[in-house]
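Just the one chain here, the form predicted alone, laid out as structure tokens.
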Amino acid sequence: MSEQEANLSQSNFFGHPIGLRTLFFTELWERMSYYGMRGLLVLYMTIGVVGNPGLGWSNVEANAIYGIYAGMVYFLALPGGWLADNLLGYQKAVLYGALIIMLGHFTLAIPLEETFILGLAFVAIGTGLLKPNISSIVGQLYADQDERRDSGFTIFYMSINIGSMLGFAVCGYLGERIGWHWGFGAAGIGMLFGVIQFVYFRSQLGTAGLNPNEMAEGRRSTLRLWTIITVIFFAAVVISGVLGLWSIDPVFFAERFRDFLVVISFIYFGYLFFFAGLTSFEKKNVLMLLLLFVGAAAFWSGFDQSAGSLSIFTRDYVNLTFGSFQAPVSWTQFLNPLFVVMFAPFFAYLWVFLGKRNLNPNTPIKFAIGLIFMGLGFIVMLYAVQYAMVEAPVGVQWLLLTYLLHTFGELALSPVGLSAFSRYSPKKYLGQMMGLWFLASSLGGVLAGLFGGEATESGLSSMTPIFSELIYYYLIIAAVLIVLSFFIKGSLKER
């Protein structure tokens, strides 16, 4: 470790390396822009809200497009991780991604329906560059055996939720009450703050994530050329679609995208296991990460209902009047990040407390706990739907309890999953493995759009069967993870 790196490691951000502060605030502003805009999407695409009409698309179409967008955001993390590993380094990938995200939000702010999909494409591409690589830098701030690692990722995770609270509060209010494109524009301004902050404090990261993997310059030049050709091809596809030269049914596309993600995920895991030249210890870790991948995809397919079916349920069947004030629909999504900020320190302390007593559950068990909480949240929603069938609107307390349970599940699963992929991934594939972690979110996002469309297709009558299926889905996967946790665990023995 160089003298500069030693100084940065000893610098203090709540007992963690000083570079965590730079990443904390970059992530905060990026999540402000992402969630602030995402909270408006389905409302904008459907009938809108009282006094502010939307595009008038059906619930099924809007949820499918939302699912495709959410899936694309995280699917592009895989090539984003590859670009960082081989061409850019993690720090440049984060910076370029932030700039493209900002461009996307400002494109969405243009009051034209024709630029809507183009803006979403820019945000998805930029997020694919930023998300996996900022998490990879967080992991590189710590040694593998550093007990602060899980706690550090949990602190980092708080930035996501502080940013999303800010996004829902600002973008949600402006979008619903002033105009949809005002909300999208506010998201762009938030990302501008993130870019400025990252550039100004980037030196605090030292050499963490500064350079790509070592390789012959000739090979790097070849990869750079093929990357440029690929970017030009996909740019032509997107632009031709924006110009109306081709179109596709969003539900059909979402279903094929789901199938593609499943196939590509297992092909890549298969490549790592059989053809990547990994040691036996690394293969055991990859097998555990595959289990976590399945659990994470299942979890996010329910969690992302917050901006899909649960958002429509809130708009149509929940009383949001408090005295003389009518709260924006998107403000109910404020509950989840608020609960995360409240309870993240408790979960961070809990794992440390249990670890000191040799009682800390292994990672698959923590994932099972997260899935059980997700199932409990949908049990609450089943009762809310039944009450709404009798007399609507229902009280907001149903959403409060649902989001509280989902938050407990998120805290048990998401920061732990980030840490596990950072810790147990083969070192030379770290960026791509972080991309695989976000590919689970991609698959979950697409499934969320499909489930959400089915749940809202016929109003309340279609919600009960879909929510019931989700409950069984979570409990079964949780049970499988608990059983397999006794046989498949991550190992750092070889390191």
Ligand code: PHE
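Everything quoted here is computed from the prediction, not taken from an experiment. Numbers for residues come from their place in the sequence shown, where the first is 1.
If you look for the form predicted together with phenylalanine (PHE), you will not find it shown, but the lines that follow are about it.
- The stretch that touches phenylalanine (PHE) in the predicted bound form, counting heavy atoms within 4.5 Å, is 433 to 441, out of 462 to 470, 448 to 456, 433 to 441, 54 to 62.
- With the partner omitted here, the residue from F367, F421, Y90, W300 that has a non-hydrogen atom within 4.5 angstroms of phenylalanine (PHE) in the predicted bound form is W300.
- Checked against phenylalanine (PHE) in the predicted bound form, the candidates N285, S414, T402, T127 yield a single residue with a heavy atom inside 4.5 Å, and that residue is S414.
- Shown here without its partner, the chain carries Y35, K131 and Y157, all of which come within 4.5 Å of phenylalanine (PHE) in the predicted bound form through at least one heavy atom.
- When phenylalanine (PHE) is considered in the predicted bound form, W180 lies well away from it, no heavy atom lying within 4.5 Å.
- In the predicted bound form, phenylalanine (PHE) stays beyond 4.5 Å of every heavy atom belonging to F313.
- Phenylalanine (PHE) in the predicted bound form comes within 4.5 Å of no heavy atom belonging to F184.
- Shown alone here, E176 lies farther than 4.5 Å from phenylalanine (PHE) in the predicted bound form, counting heavy atoms only.
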